[in-house]
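Single chain ahead, by itself, as structure tokens, in the form predicted alone.
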Amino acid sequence: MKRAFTLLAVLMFGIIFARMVGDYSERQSVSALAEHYLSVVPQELGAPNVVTGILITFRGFDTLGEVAVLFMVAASVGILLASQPEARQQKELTEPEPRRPSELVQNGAEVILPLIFLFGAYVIMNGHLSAGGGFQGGAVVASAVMLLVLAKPSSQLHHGFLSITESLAGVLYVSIGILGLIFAAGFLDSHILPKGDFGTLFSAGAIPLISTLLGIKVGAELSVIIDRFRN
């Protein structure tokens, strides 16, 4: 009976997916709203990456909500998975010693880890110029932390430092948003800083700074979540 129900569910999802694919057709021209943003973002914000300009400036409140949700997830995981020192010591005594990672993983991590951190920083800082941004770069940095945990299980992350870094990035992020209300046209308005030369690293107003703060915050929060699941 259970197998028949599973097959029926898979068949229903297959029919729904087939109908969606069958009715799909690519848009042959850009919509009026897309044309508006494609012209407004480079001209008014000075950001070649239209998606980043929209997410950080025009949808600033939504981005703030996403960051708040990620913070609540990290806090919830920390509360649920954090163990007391006595329980942790008892666990270490009763459980067998975990298997050491292979030499390939250890040596590979020593070579790849700096490159992943460097690439994460590049994605964060160049989010206004090319594909990327704070969320994507923070996830890349967190993937490096996961590799570090796999290659060196005995390594310990400094949760206090990560918490302070994450909190400071969040405070500065909100502060920039308030400065936008005071000195510009709205919350997280990037015009509080000059636009600079179009297409250069120091351009697009405050968008690179906001993207950097988002990357730091996301990277720290995801790293804490990864470490909590390890413990």
Partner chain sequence: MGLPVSHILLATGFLLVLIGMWGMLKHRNILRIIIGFSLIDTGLHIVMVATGYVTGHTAPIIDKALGIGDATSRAVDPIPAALVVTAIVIGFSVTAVMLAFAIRVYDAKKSLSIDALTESKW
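Positions refer to the first chain, counted from 1. These numbers were taken from a predicted model, which means no experiment stands behind them.
Note that the form predicted together with the partner chain isn't included here; everything after this is about it.
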Legend entry - Partner-contacting position among L118, V111, V105, V73 - heavy atom within 4.5 Å of the partner chain in the predicted complex: V73
Legend entry - Contacting member of T200, S175, S39, S167, with respect to the partner chain in the predicted complex [4.5 Å, heavy atom]: S39
Legend entry - Interface membership of K195, the partner chain in the predicted complex, 4.5 Å heavy atom rule: no
Legend entry - Non-hydrogen atom contact L55 with the partner chain in the predicted complex at 4.5 angstroms: yes
Inset, instruction - Decide whether L181 counts as a contact residue for the partner chain in the predicted complex under a heavy atom distance cut-off of 4.5 Å. - result: no
Legend entry - the partner chain contact in the predicted complex: H191, any heavy atom under 4.5 Å: no
Inset, instruction - Pick the stretch from 23-31, 167-175, 183-191, 200-208 whose residues have a heavy atom within 4.5 Å of the partner chain in the predicted complex. - result: 23-31
Inset, instruction - Check each residue of 45-73 against the partner chain in the predicted complex and list those with a heavy atom within 4.5 Å, in sequence order. - result: P48, N49, V50, V51, I54, L55, R59, D62, E66, V69, L70, V73
